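In the form predicted on its own, a lone chain appears below as structure tokens.
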Amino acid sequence: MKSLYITSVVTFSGKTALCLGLGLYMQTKGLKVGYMKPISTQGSGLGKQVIDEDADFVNRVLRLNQPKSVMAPVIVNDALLHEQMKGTQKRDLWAEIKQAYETAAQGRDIVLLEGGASMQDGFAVGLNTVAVVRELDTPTLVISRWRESAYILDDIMAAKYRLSDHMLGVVINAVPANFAQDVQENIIPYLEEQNINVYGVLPYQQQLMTISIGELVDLLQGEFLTGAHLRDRLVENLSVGAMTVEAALPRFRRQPNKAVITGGDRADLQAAALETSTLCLVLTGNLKPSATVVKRAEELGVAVVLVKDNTIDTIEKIERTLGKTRLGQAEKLNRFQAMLSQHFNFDRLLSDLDLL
């Protein structure tokens, strides 16, 4: 049985998406794939149970039918941190991870291990990325989100220094088109000279950064006033309506397939947004719009959503989520797989893992 740990230096680099893409490809090659996220700092409630939503999503898409305790055995939440700081933490976290790893590996050809939000995750409880990789003795693939040449090289070289011989190679994600040539002609050759395998360079795609109307509503705990049947439509841009109509209109016209966030009492901005390429109106402050706005939105097929938070708090909630690529829609997942097939060297990776 083989394993591959997938980590990143900074948050929102695309680890979950890459795990999904690799897992699905490996399954098409007849490989039996397992998956787990040894340590998570992104737990959320599911009834009385705390789960990692990304791990749960991967488990469902890959049809692994693994228990939630195997998918994400250690979720670092406030309760665990307080116990750790007070010295009352009695769980053997290493034992839980190893037991989950053994379970995830049963009958599998390879287990994909997804790292936390960044390489810092887990230090507070003694389970940082380097420690986990060494303890499980697993090769590691680093996915690094583009941050200009100097930053990307620093990120990758820092990861190599930390992981040493456990670092198998790197994937560079979200590279803008105007930097693609520099990456191919300069950065990749340099990294390969440093004995860092580059398995893929993935271009930036705006469509992969979209969020569905339904996800937006769930995130904001909003209420559909109209357009509930439009949950699956993908929002590509967000625009805040907090100025005059004259100032807002030029921006509204430049942004297709957008959601406009504005106060429920700003009928002028709502009407202006409806005359441009708008998919959703997010109305803040728990202030319902006029019947005229609702009727016009229904005629145009635009969802109108009411949220209780004010505009600033609503924007902050969205910004905390927007950096994260979400592949919950089949369209986005298919697009990401197509991008991997074109820009990722699967054969090289499988060969280096002795899976060919």
Partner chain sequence: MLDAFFKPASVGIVGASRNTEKLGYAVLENLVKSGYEGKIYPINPSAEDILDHQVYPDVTSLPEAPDLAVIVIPYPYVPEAVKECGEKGVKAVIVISAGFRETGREGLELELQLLDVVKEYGMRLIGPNCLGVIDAQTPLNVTFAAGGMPPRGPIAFMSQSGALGTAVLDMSFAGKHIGFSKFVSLGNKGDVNEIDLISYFEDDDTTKVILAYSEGIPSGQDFMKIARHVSKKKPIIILKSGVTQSGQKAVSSHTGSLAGAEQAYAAGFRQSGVIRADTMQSLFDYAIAFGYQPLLNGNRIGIVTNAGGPGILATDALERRNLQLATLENDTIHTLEQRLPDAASAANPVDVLGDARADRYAFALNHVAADPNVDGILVILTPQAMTEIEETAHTLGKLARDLDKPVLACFMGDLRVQAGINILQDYQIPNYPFPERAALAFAAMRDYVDMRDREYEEPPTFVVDQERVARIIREVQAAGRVAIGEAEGREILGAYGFPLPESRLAASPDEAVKIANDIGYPVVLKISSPDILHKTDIGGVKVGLNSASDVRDAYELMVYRAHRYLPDARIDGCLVQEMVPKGLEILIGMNRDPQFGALVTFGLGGIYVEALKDVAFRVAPFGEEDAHELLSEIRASQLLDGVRGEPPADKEALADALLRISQLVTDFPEIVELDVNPLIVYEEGQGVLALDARMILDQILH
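Positions refer to the first chain, counted from 1. Everything numeric here is computed off the predicted structure, so don't read it as measured data.
What comes next is about the form predicted together with the partner chain, which is not displayed.
Q: Checking a candidate spot here: are V245, R266 and K295 all in contact with the partner chain in the model of the complex (at least one heavy atom each within 4.5 Å)?
A: Heavy-atom distance to the partner chain in the model of the complex: all three under 4.5 Å.
Q: With the partner chain left out of view, which of T276, S239, N128, T138 would have a heavy atom within 4.5 Å of it in the model of the complex?
A: Looking at the other structure, the residue within range turns out to be T276.
Q: With the partner chain left out of view, choose which of I188, A158, A124, L249 has a non-hydrogen atom within 4.5 angstroms of it in the model of the complex.
A: Result of the distance check: L249.
Q: So which of 100-108, 193-201, 211-219, 254-262 is the stretch with heavy atoms within 4.5 Å of the partner chain in the model of the complex?
A: Comparing against the partner chain in the model of the complex, the contact stretch is 254-262.
Q: Is it the case that A272, even though its partner is missing from this view, gets within 4.5 Å of the partner chain in the model of the complex, heavy atoms only?
A: Judged by the heavy-atom cut-off of 4.5 Å, A272 is in contact with the partner chain in the model of the complex.
Q: Can any non-hydrogen atom of S290 be found within 4.5 angstroms of the partner chain in the model of the complex?
A: Yes, S290 is a contact residue.
Q: Decide whether F179 counts as a contact residue for the partner chain in the model of the complex under a heavy atom distance cut-off of 4.5 Å.
A: Within the cut-off, so yes.
Q: Considering non-hydrogen atoms and a 4.5 Å limit, does the partner chain approach V302 in the model of the complex?
A: Yes, V302 sits close enough to the partner chain in the model of the complex that at least one of its heavy atoms falls within 4.5 Å.
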